[in-house]
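Next up: a single chain in structure tokens, the form predicted alone.
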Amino acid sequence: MKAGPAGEYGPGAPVGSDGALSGAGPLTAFRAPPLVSGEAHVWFARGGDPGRFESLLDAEELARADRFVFPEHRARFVVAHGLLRSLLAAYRDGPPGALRFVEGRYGKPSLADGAGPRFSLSHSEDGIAVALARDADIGVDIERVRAMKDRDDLVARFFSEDEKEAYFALPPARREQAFFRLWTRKEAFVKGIGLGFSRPLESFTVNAEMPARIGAAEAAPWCLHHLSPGDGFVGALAVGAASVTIRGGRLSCG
């Protein structure tokens, strides 16, 4: 896959305030658009043949994959990490299998050579999101919207007081959507700052409305964006910049 000038599918469609991602064609035809300062790119895909991606992974990734008990979970891990390698390689104009990763103190991955781009990976069921930025920290999270018996308990345990007040004031029919918006926005932020769940989720506040907002001690240089990938998924993108243009789309792994 060659990087450089935008290819058949253009530079990625701008992602508006509604977070909707438009079709961007098959992964096999993907050409990485220029990733410039002030932009973040986010790509979403579903499914894919793990046999196509397995050869791209290194020994450590394969060992992690083999620790999954259920074959479908192993397959999803292989596809997600293979897609990440494929996209990073396209932006760097190099082979996916040659990429090497390191992890920060709290597990946030980055490219070992430090050359970038900065990136974040999220997957839920068979949905995968990869976000990239040139010179800003970034975090992405997606979730498949689904019924959860312990949803209200999770809010009570892990959300800030302001979030709990707003959530429990909603009629029950609106709480499912609110929960997944809150959860993905919180997780995107803690992934972006590189602390993961070592940063208590109740220590900062996000909203469930549009546009997405965040209140945290270190939030001044950060912005949050709602993502609506489609197919019952919801997500959020956190970028370490006061403002940013979001581009991207939905890729087919078939």
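Start at 1 and count along the sequence shown; that's the residue number. Computed from a prediction, not measured in an experiment: that's the story for all the values here.
One more form of this protein, predicted in complex with a small molecule, exists but is not displayed; see below.
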- Name the stretch, out of 202-210, 26-34, 40-48, 189-197, where some heavy atom lies within 4.5 Å of the small molecule in the model of the complex. 189-197
- State yes only if every one of 144, 175 and 181 has a non-hydrogen atom within 4.5 Å of the small molecule in the model of the complex; otherwise state no. no
- Tell me, out of 134, 151, 123, 74, which residue has a non-hydrogen atom within 4.5 angstroms of the small molecule in the model of the complex. 123
- Query: According to a 4.5 angstroms non-hydrogen atom cut-off, is residue 94 in contact with the small molecule in the model of the complex?
  - Reply: no
- Message: Please determine whether residue 108 contacts the small molecule in the model of the complex, using a 4.5 Å cut-off between heavy atoms.
- Response: yes
